[in-house]
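Let's start with one chain on its own, the form predicted alone, as structure tokens.
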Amino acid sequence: MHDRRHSAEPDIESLMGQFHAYLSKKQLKSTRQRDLIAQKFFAAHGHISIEELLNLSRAENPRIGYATVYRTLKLLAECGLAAQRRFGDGQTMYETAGDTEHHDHLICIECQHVLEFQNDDIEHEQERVARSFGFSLVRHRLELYGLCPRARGIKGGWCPNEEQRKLSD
């Protein structure tokens, strides 16, 4: 099993190039605000909400509005560079898609932390199950819901959400 929390930095320049190519194809302008939002999105680790991306963008340009962030994320999703995710709490989150490595999600139902992981055995088993029913997999999404060690009440148990907050402070 591979924990993706410490994965390589995304190639922001390449992702921005793909985004600009999509905007040109759609005959849309590349604006400073759109570029800033896209750069902040690509630099973000893991999953990010519209509100979080708005706050990151406003730290550099306070005039950026919610609608601009929403529309930019919609464009990023349309061109395959952002993936929209809805987890157990119902909040829509986004993550960089496209050139990123496939992964699955482990979600704490108490603290709402989303841990990305990759496990070759699970991937092979999903393929085997699909084939056993005559299916050829095109794509899939695996979300496992449970309780992190702290939420389970384990003495000295850690909470990945608290650990992440400490790292970002």
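One rule holds for the numbers: they count along the sequence shown, beginning at 1. Quantities reported herein were computed from a predicted structural model and do not represent experimental measurements.
Omitted here: the form predicted together with the DNA. The next part is about that form.
Using a 4.5 angstroms limit between non-hydrogen atoms, Leu28 touches the DNA in the model of the complex. Under a 4.5 angstroms non-hydrogen atom cutoff, the DNA in the model of the complex has Arg32 among its neighbouring residues. Though the partner is left out of this view, Ile48 does not reach within 4.5 Å of the DNA in the model of the complex, counting heavy atoms only. Remark: Thr68 counts among the residues lining the DNA in the model of the complex, judged by a heavy atom distance of 4.5 Å or less. Listed residues Cys108, Leu53, Ile64, Ala38 were compared with the DNA in the model of the complex; Ile64 is the one with a heavy atom within 4.5 Å.
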